[in-house]
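Listed next as C-alpha coordinates is one chain, alone, in the form predicted alone.
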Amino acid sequence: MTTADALTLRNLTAGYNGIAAIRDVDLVVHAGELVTLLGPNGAGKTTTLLTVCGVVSPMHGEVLLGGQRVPAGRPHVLARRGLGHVPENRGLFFELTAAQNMRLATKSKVEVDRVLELFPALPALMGRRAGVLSGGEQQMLAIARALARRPRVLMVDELSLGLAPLVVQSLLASLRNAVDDDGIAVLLIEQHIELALGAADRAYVLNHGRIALEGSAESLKNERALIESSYLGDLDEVVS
(Lines give C-alpha, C1' and ligand atoms only; values in the text may rest on other atoms or scores of the structure.)
Protein backbone atom coordinates (compact mmCIF):
# COMPACT_ATOMS: atom_id res chain seq x y z
CA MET A 1 0.00 0.00 0.00
CA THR A 2 1.37 3.41 -0.93
CA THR A 3 1.04 6.58 1.11
CA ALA A 4 -0.13 8.94 -1.65
CA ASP A 5 -3.41 10.68 -0.81
CA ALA A 6 -5.82 9.79 -3.62
CA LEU A 7 -8.88 11.34 -1.95
CA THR A 8 -8.94 13.88 0.87
CA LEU A 9 -11.89 15.50 2.64
CA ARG A 10 -11.00 18.47 4.83
CA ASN A 11 -13.45 19.93 7.31
CA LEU A 12 -16.23 19.13 4.85
CA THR A 13 -19.74 20.39 5.51
CA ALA A 14 -22.49 19.86 2.93
CA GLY A 15 -26.22 19.35 2.64
CA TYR A 16 -29.44 20.41 0.98
CA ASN A 17 -31.40 23.68 0.91
CA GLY A 18 -29.01 25.27 3.39
CA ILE A 19 -29.32 22.45 5.93
CA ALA A 20 -26.12 20.51 6.65
CA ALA A 21 -26.30 16.72 6.32
CA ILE A 22 -22.58 16.23 7.04
CA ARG A 23 -20.45 18.46 9.26
CA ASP A 24 -16.69 18.96 9.53
CA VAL A 25 -15.84 15.61 7.97
CA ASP A 26 -12.12 14.79 7.69
CA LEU A 27 -11.35 11.65 5.70
CA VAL A 28 -8.42 10.32 3.66
CA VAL A 29 -8.13 7.39 1.26
CA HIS A 30 -4.65 6.50 0.06
CA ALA A 31 -3.76 4.92 -3.26
CA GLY A 32 -3.76 1.14 -2.92
CA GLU A 33 -6.16 1.24 0.01
CA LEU A 34 -9.75 0.18 0.64
CA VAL A 35 -11.53 2.34 3.20
CA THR A 36 -15.06 1.65 4.37
CA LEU A 37 -17.49 4.31 5.56
CA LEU A 38 -19.91 2.79 8.05
CA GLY A 39 -22.92 4.26 9.78
CA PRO A 40 -26.68 3.99 10.30
CA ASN A 41 -29.25 5.04 7.72
CA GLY A 42 -29.46 8.82 7.50
CA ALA A 43 -25.95 9.36 8.86
CA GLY A 44 -24.83 11.23 5.74
CA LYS A 45 -22.84 8.53 3.95
CA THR A 46 -24.45 8.98 0.53
CA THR A 47 -24.30 12.77 0.89
CA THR A 48 -20.56 12.43 1.45
CA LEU A 49 -20.13 10.53 -1.82
CA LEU A 50 -22.39 12.92 -3.75
CA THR A 51 -20.34 15.85 -2.47
CA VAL A 52 -17.11 14.16 -3.54
CA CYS A 53 -18.40 13.58 -7.07
CA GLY A 54 -19.65 17.16 -7.41
CA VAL A 55 -23.40 16.61 -7.33
CA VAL A 56 -23.77 18.31 -3.93
CA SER A 57 -21.86 21.57 -3.36
CA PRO A 58 -19.88 21.97 -0.12
CA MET A 59 -21.04 24.60 2.34
CA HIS A 60 -17.60 24.61 3.94
CA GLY A 61 -14.33 22.74 3.62
CA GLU A 62 -12.94 21.06 0.54
CA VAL A 63 -12.54 17.83 -1.40
CA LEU A 64 -9.23 17.01 -3.08
CA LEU A 65 -8.71 14.35 -5.73
CA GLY A 66 -5.04 13.50 -6.15
CA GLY A 67 -4.16 16.68 -4.27
CA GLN A 68 -6.28 18.94 -6.51
CA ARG A 69 -9.47 20.61 -5.34
CA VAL A 70 -12.68 19.09 -6.72
CA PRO A 71 -14.89 21.47 -8.74
CA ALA A 72 -18.50 21.36 -7.52
CA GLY A 73 -21.22 20.76 -10.08
CA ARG A 74 -18.97 19.15 -12.70
CA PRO A 75 -19.14 15.34 -12.24
CA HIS A 76 -18.08 14.74 -15.87
CA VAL A 77 -14.81 16.61 -15.25
CA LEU A 78 -14.12 14.48 -12.19
CA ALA A 79 -14.79 11.29 -14.15
CA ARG A 80 -12.14 12.35 -16.66
CA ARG A 81 -9.76 13.02 -13.78
CA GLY A 82 -10.15 9.46 -12.55
CA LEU A 83 -13.09 9.40 -10.14
CA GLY A 84 -15.41 6.41 -10.44
CA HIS A 85 -18.76 6.10 -8.67
CA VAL A 86 -21.10 3.13 -8.35
CA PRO A 87 -24.32 4.63 -6.93
CA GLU A 88 -26.80 2.87 -4.69
CA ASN A 89 -29.08 2.14 -7.68
CA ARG A 90 -26.03 0.77 -9.59
CA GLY A 91 -26.50 3.15 -12.52
CA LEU A 92 -26.90 0.47 -15.18
CA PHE A 93 -28.82 0.76 -18.44
CA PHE A 94 -31.25 -2.10 -17.94
CA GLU A 95 -32.42 -2.32 -21.55
CA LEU A 96 -28.83 -2.85 -22.74
CA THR A 97 -26.87 -6.09 -22.49
CA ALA A 98 -24.03 -6.49 -20.05
CA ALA A 99 -21.58 -6.23 -22.96
CA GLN A 100 -23.18 -2.99 -24.15
CA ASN A 101 -23.01 -1.57 -20.62
CA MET A 102 -19.31 -2.41 -20.56
CA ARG A 103 -18.74 -0.71 -23.90
CA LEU A 104 -20.11 2.51 -22.45
CA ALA A 105 -17.09 2.48 -20.14
CA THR A 106 -14.46 1.45 -22.71
CA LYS A 107 -14.22 0.18 -26.26
CA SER A 108 -10.93 -1.53 -25.46
CA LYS A 109 -11.23 -5.32 -25.51
CA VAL A 110 -7.99 -5.47 -23.52
CA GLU A 111 -9.53 -3.42 -20.71
CA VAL A 112 -12.75 -5.43 -20.74
CA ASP A 113 -10.84 -8.72 -20.63
CA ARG A 114 -8.69 -7.41 -17.79
CA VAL A 115 -11.74 -6.59 -15.68
CA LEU A 116 -13.55 -9.83 -16.53
CA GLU A 117 -10.68 -11.72 -14.95
CA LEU A 118 -11.72 -10.18 -11.64
CA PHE A 119 -15.29 -11.47 -12.09
CA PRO A 120 -15.16 -15.05 -13.43
CA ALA A 121 -18.98 -15.35 -13.50
CA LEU A 122 -19.46 -12.25 -15.66
CA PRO A 123 -18.32 -13.46 -19.13
CA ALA A 124 -21.24 -15.91 -19.33
CA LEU A 125 -23.67 -13.02 -18.70
CA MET A 126 -22.40 -10.59 -21.33
CA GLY A 127 -25.18 -11.34 -23.82
CA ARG A 128 -28.00 -10.82 -21.31
CA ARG A 129 -29.85 -7.57 -20.71
CA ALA A 130 -28.83 -5.95 -17.44
CA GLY A 131 -32.48 -5.71 -16.40
CA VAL A 132 -32.90 -9.49 -16.21
CA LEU A 133 -29.76 -10.11 -14.15
CA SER A 134 -30.01 -10.89 -10.46
CA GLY A 135 -29.13 -8.22 -7.92
CA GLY A 136 -25.71 -9.71 -7.33
CA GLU A 137 -25.04 -9.97 -11.06
CA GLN A 138 -26.08 -6.35 -11.57
CA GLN A 139 -23.77 -5.18 -8.82
CA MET A 140 -20.94 -7.23 -10.29
CA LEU A 141 -21.54 -5.61 -13.68
CA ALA A 142 -21.72 -2.13 -12.19
CA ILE A 143 -18.41 -2.52 -10.39
CA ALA A 144 -16.75 -4.14 -13.41
CA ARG A 145 -17.93 -1.29 -15.65
CA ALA A 146 -16.52 1.28 -13.23
CA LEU A 147 -13.18 -0.54 -13.00
CA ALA A 148 -12.92 -0.77 -16.80
CA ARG A 149 -12.31 2.99 -16.87
CA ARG A 150 -9.21 2.50 -14.67
CA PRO A 151 -10.26 5.02 -12.02
CA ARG A 152 -7.76 6.46 -9.59
CA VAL A 153 -10.50 6.53 -6.95
CA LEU A 154 -13.62 4.35 -6.92
CA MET A 155 -16.56 5.02 -4.62
CA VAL A 156 -19.16 2.29 -4.10
CA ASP A 157 -22.44 3.11 -2.36
CA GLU A 158 -24.19 0.29 -0.45
CA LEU A 159 -22.45 -2.64 -2.11
CA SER A 160 -24.43 -5.25 -0.15
CA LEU A 161 -27.92 -3.74 -0.58
CA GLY A 162 -30.36 -6.61 -1.13
CA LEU A 163 -27.59 -9.19 -1.60
CA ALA A 164 -26.80 -12.43 0.21
CA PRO A 165 -23.63 -12.43 2.37
CA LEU A 166 -21.87 -14.96 0.12
CA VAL A 167 -22.42 -12.69 -2.90
CA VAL A 168 -21.11 -9.72 -0.93
CA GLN A 169 -18.01 -11.68 0.08
CA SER A 170 -17.27 -12.47 -3.56
CA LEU A 171 -17.71 -8.84 -4.65
CA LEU A 172 -15.52 -7.59 -1.82
CA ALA A 173 -12.81 -10.09 -2.78
CA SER A 174 -12.85 -8.76 -6.35
CA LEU A 175 -12.61 -5.17 -5.11
CA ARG A 176 -9.76 -6.13 -2.80
CA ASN A 177 -7.91 -7.69 -5.74
CA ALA A 178 -8.39 -4.53 -7.81
CA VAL A 179 -6.96 -2.43 -4.98
CA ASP A 180 -3.97 -4.71 -4.49
CA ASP A 181 -3.23 -5.32 -8.18
CA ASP A 182 -3.89 -1.87 -9.67
CA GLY A 183 -3.22 0.40 -6.70
CA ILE A 184 -6.55 2.21 -6.93
CA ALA A 185 -8.20 3.83 -3.92
CA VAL A 186 -11.65 2.58 -2.92
CA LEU A 187 -14.14 4.28 -0.61
CA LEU A 188 -16.91 1.84 0.21
CA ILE A 189 -20.22 2.51 1.94
CA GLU A 190 -21.36 -0.69 3.58
CA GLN A 191 -23.99 -1.80 6.09
CA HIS A 192 -22.52 -5.26 6.73
CA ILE A 193 -19.92 -4.35 9.34
CA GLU A 194 -18.08 -7.66 9.64
CA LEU A 195 -17.67 -8.22 5.91
CA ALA A 196 -16.61 -4.62 5.32
CA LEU A 197 -13.97 -4.69 8.05
CA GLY A 198 -12.73 -8.04 6.75
CA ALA A 199 -11.89 -6.50 3.36
CA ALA A 200 -10.92 -2.95 4.34
CA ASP A 201 -7.65 -1.43 5.48
CA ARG A 202 -9.27 1.33 7.50
CA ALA A 203 -12.75 2.44 8.50
CA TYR A 204 -14.67 5.56 9.46
CA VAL A 205 -17.99 5.52 11.30
CA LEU A 206 -20.34 8.39 10.47
CA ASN A 207 -23.27 9.30 12.70
CA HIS A 208 -25.51 12.38 12.68
CA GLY A 209 -23.33 13.79 9.92
CA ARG A 210 -20.07 13.65 11.87
CA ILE A 211 -17.19 11.20 12.09
CA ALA A 212 -17.80 9.35 15.37
CA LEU A 213 -15.02 6.78 15.14
CA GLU A 214 -12.07 5.91 12.91
CA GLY A 215 -9.17 3.49 12.88
CA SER A 216 -7.63 0.49 11.20
CA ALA A 217 -10.07 -2.22 10.19
CA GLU A 218 -8.14 -4.72 12.29
CA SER A 219 -8.41 -2.63 15.44
CA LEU A 220 -12.10 -1.89 14.93
CA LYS A 221 -12.92 -5.58 14.53
CA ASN A 222 -12.22 -5.89 18.25
CA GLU A 223 -14.24 -2.79 19.15
CA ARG A 224 -17.74 -3.90 18.23
CA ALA A 225 -19.21 -2.19 21.29
CA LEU A 226 -17.68 1.12 20.22
CA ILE A 227 -19.01 0.75 16.69
CA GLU A 228 -22.51 -0.14 17.88
CA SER A 229 -22.44 2.81 20.28
CA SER A 230 -21.39 5.07 17.41
CA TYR A 231 -24.43 3.86 15.48
CA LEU A 232 -26.67 4.58 18.48
CA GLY A 233 -25.05 7.92 19.25
CA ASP A 234 -23.96 7.12 22.81
CA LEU A 235 -20.23 6.62 22.24
CA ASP A 236 -19.27 8.83 25.18
CA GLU A 237 -20.98 6.48 27.65
CA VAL A 238 -18.95 3.50 26.39
CA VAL A 239 -15.62 5.37 26.33
CA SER A 240 -16.12 6.74 29.84
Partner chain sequence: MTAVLEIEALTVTYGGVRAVAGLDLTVEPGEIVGLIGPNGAGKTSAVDAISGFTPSGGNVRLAGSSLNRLKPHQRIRAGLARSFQSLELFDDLSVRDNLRVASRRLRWWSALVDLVRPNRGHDDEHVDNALRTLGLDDVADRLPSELSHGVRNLVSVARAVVSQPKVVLLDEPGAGLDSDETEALGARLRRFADEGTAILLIDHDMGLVMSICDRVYVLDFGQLIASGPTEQVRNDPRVLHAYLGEDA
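Positions refer to the first chain, counted from 1. Note that this is a predicted model, so its numbers are computed, not measured. So that the term is clear: the rigid core is the largest set of C-alpha atoms that superpose within 1.5 Å between two forms.
The same protein has a further form, the form predicted in complex with its partner chain, not shown here; the description that follows concerns it.
Participant: Given that the partner is absent here, state which listed stretch (60-68, 28-36, 211-219, 186-194) has heavy atoms within 4.5 Å of its partner chain in the model of the complex.
Facilitator: Heavy-atom contact with the partner occurs in 186-194.
Participant: Does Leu166 reach its partner chain in the model of the complex, with heavy atoms at most 4.5 Å apart?
Facilitator: Output for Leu166 is yes: heavy atoms within 4.5 Å of its partner chain.
Participant: Even though the partner isn't displayed, in the model of the complex is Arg10 close enough to its partner chain, meaning a heavy atom within 4.5 Å?
Facilitator: Heavy-atom contact with its partner chain at 4.5 Å: absent for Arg10.
Participant: Does the 4.5 Å heavy atom contact test between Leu159 and its partner chain in the model of the complex come out positive?
Facilitator: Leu159: no contact with its partner chain in the model of the complex.
Participant: Can you check whether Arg128 is within 4.5 Å of its partner chain in the model of the complex, heavy atom basis?
Facilitator: Close contact exists here: in the model of the complex, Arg128 approaches its partner chain to within 4.5 Å, heavy atoms only.
Participant: Along 125-143, which positions have a non-hydrogen atom within 4.5 Å of its partner chain in the model of the complex?
Facilitator: In sequence order, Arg128, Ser134, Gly135, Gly136, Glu137, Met140 come within 4.5 Å of the partner.
Participant: Any CA movement of 2 Å or more for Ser160 between the shown form and the other one, core superposed?
Facilitator: Yes; that C-alpha moves by at least 2 Å between the shown form and the other one.
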